[in-house]
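In what follows, one protein chain appears twice in different forms, each by itself as structure tokens: structure 1 and structure 2.
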Structure 1
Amino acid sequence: MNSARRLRLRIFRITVFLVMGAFFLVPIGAMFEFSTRGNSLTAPRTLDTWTAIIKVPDLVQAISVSLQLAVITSVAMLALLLPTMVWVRLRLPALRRIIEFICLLPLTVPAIALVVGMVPLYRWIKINVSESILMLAFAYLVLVLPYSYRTLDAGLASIDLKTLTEAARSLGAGWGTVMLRVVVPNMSTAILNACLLSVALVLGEFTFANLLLYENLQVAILYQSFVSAGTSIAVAVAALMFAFVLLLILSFVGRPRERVARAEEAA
């Protein structure tokens, strides 16, 4: 690649980065400006709406249960999906397309149709099991399957799974040891990506919780907007920034290992 083409490519990348950055940051900046606006245009900026977040019990409770749902959904997704995908790749490769179809199926079904189908199930759960909002984790697990499957599948494709597992098994490792000490460390970035997608989806989900009569973070934001629009916007911005910080942390995870791998290749 000559210098002129390299320069044009760099300018194109910078332009795309700036445009996409403005596309995401300008609305968030407008939301922050609105949440810090005083009672009048001439009033000084204030953070009263932000400090009011922890003073509203319903918001605090909604934030707490949404974070719990995010953790439960992420752990359940990994416990269900990762061993299944590993086992299918190693022992039942003929079922790989079937598993992929099942995991991607929720993408083809509208959320409202999924909710209508789950209403009788959740009515039974509320009567016979529990009325806790944490029961939403079952529905959220279905929602995150397509995104998590694609991410984990890319991670498994990037490693020589068969050779690694056979080597570990030949040294006497059980399947639990193989999963925890061989598979997971070699695809940690893919696992973190899948967890990040799960957390972002759970924190931003509204349809399931609202129609199934639960109050998660997004439903609480809607109710709070009827009382104080500024506080509801502040909570929405805080949720977006939380997801952004997670993404920023994730972008640095794995880089030390990549640098070590490049150094080893160079040596």
Structure 2
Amino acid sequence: MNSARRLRLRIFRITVFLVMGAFFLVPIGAMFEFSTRGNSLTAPRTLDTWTAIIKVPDLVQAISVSLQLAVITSVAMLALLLPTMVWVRLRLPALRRIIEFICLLPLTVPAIALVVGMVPLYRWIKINVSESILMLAFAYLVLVLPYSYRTLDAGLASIDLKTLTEAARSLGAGWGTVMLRVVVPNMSTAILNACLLSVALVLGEFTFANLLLYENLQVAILYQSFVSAGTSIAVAVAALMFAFVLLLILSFVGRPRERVARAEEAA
């Protein structure tokens, strides 16, 4: 590579990173700025909008509900998906393509379209089962299906499932022991990743809750913005930071394992 081209490439890269950095960081910074504004433009900075969050019962309620939904969805996702995927890999390999297709289906069905079909379903659930907002977890499970499937599938692919389960079974372990004490510990990273992704998705979910007439965190934030823009932006930033930390953990937790795999590959 000659020096003129190297210089041009350098200028190109710096320009791209600066422009993109500004485009992506300024709006997030602006939210911080906006949420710490006083009553007028000349007023000193305050954290009033942030402390006001806990004084709005609707917001506190919505935060609590969304956290519960996130936990329920993650647990239900693991309980439904992991045994099924293990079972299919071991006993029904012919079904693997079908399961994969079904799990990835929600990626091509827009949430706004899917919710149209869920409205009658949830009307029935509200009348016959429960009016609790926690029922939303059933719908959220559909949303997290593609991401969880991919993550868990990668995890399962990285372990020798057949040998492990056969060894455990021949030592007298039941299927419960196999799942909890052999499969889960061996793919803890993938399971953690799937859970973190699910939590992040549920905390950011708006479409289903809004159109099925439930008030989760995002819906509450939108309502709050009609009352106080500052407070709603403060909650939004807080939720965003929380999701960001989760995903940051995810991107670092995933790494050591990869390195091990790569080292094994090389050996």
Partner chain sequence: MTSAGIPAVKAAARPTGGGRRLRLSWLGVVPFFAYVGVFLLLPTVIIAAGSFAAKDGSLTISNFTSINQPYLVKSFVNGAVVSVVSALAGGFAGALLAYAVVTGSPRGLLRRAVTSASGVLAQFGGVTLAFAFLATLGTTGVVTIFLKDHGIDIFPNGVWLYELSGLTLLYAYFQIPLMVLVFLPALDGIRPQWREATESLGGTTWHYWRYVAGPLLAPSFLGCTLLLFANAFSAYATAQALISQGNLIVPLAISNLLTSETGRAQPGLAKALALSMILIVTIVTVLYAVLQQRSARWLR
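Reference numbering: structure 1, starting with residue 1. Rigid core (definition): largest C-alpha set, two forms, superposition within 1.5 Å. In this text, all values refer to a predicted model and were calculated from it rather than measured experimentally.
One chain, two forms displayed separately, with the form predicted together with the partner chain being the second of them, structure 2.
The rigid-core alignment places the CA of Gly204 less than 2 Å apart between structure 1 and structure 2. Once you line up the core between structure 1 and structure 2, the Cα of Val26 ends up 2 Å or more from where it was.
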